[in-house]
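The data below hold one chain only, encoded as structure tokens and taken in the form predicted on its own.
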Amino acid sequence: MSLKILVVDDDKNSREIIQMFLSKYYTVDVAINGVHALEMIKSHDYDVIICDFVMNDVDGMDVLREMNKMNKGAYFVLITAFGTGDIAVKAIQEGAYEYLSKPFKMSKLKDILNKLANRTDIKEQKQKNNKERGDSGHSILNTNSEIFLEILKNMARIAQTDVPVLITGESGTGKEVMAKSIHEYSKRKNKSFVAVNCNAIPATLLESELFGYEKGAFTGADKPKKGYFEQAQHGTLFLDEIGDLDMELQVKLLRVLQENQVRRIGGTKDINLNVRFIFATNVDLDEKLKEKKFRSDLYYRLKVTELHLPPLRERKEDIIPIAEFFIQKYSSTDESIVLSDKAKKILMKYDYPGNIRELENIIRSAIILARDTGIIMPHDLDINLSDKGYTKFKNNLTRDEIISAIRECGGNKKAAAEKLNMSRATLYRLINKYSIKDV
């Protein structure tokens, strides 16, 4: 079986030596550090990850843990020049397939890969993980919020078209989950979904990763490579953090969108594209325009259709269902963990500056602390209600006061919420609480 391999090492010489040797036998990509590796793993399906242990910011163990969270099903080989028995044990416990101490003979690495190439369970395991991954992200889109329900309705309509979509919202609000949902409800659902975080790839590499390159285009380009645009052919390309793209790349992206063509670095021919584009940003693009840090012509190309995802504090009704989804996701199959009523109240009172991603981390930590009892209590939650995240609900308003405010605003609930100094989500919750209809 042919293997697709990712080599991760922040030492250029070590990285290139391994790549040159393995390229004679397998398809090999490289990542220059842990952050770059996670972006590559997220966007591609690799059979084997060969990763250095000691790297700045994100080390080899971090890459292994994050890869496991993605359910990618790749085999992981950890290599290091600073090895100890303790590191080896931890690596194997975390799920690494093999551990090599530098310096090692390339023949030993080749023997390991030969064994993996002859295994028949790689494809089966990857298919299983792909199936699980396809189902895992959508429960957080289940909603009791009127606001988010409208967003999902719009998403379903947009998915049936091929127009570019701009998804905006604070960090952690689920922009990539929404992008995946658009893809999976579209006619392209059986084709590739390629996700790229423009901030996670070093600026010096981003252009070559997006556009690809021809053999000899630059030092180290020993064979042609398809960029993300081509990899998404007939499918969907999701470009996250698009608001931080530098001006030169903005010009090149605009040309791709205008012409539906891409030219590899060092190439002479344009390649026709059939790609659905979805973009996302957590920055205010209007402010970027005013500061002349974002091109207006590109802005209007991106903003053919926009979906704005509200922060979690504006969809309070969804906090407990999302929390329970994460409990189910991160609990083992033989344990039953539930939220106590007091824990639910704490979760509902917090404003989540980090949004859904923060809630996910809070629940994952709480599960570990609650394993002995099976019940998540307030002291298991990493939440300090004295923080800015705490909001007192406007539950002291009477039914008549709410009705009066809505009528004074001509039935406009957004305006009524502003008048009452509350979010629309809180207003909808009180409308449901008091069974207010036909105002």
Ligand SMILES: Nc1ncnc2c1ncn2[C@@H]1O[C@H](COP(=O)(O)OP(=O)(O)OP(=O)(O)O)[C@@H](O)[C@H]1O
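Just so we're clear, the structure is a prediction, and the values are computed from it rather than from any experiment. The numbering used is simple: start at 1 and walk along the sequence shown.
As for the form predicted together with this ligand, it is not shown, yet the points below apply to it.
Undergrad: Candidate spot Gly174, Asn282 and Phe325, all three in 4.5 Å heavy atom range of this ligand in the model of the complex?
TA: Yes, the whole candidate spot contacts this ligand.
Undergrad: Which one, Arg357, Lys349, Lys225, Lys288, lies within 4.5 Å of this ligand in the model of the complex by heavy atoms?
TA: If I apply the 4.5 Å criterion carefully, the residue I get is Arg357.
Undergrad: Between the options Glu170, Asp244, Glu146, Glu207, which residue brings a heavy atom to within 4.5 Å of this ligand in the model of the complex?
TA: Spelling it out, the residue with a heavy atom inside the cut-off is Glu170.
Undergrad: Could you tell me which of 250-258, 176-184, 263-271, 291-299 sits within 4.5 Å of this ligand in the model of the complex, going by non-hydrogen atoms?
TA: Among the listed stretches, the partner-contacting one is 176-184.
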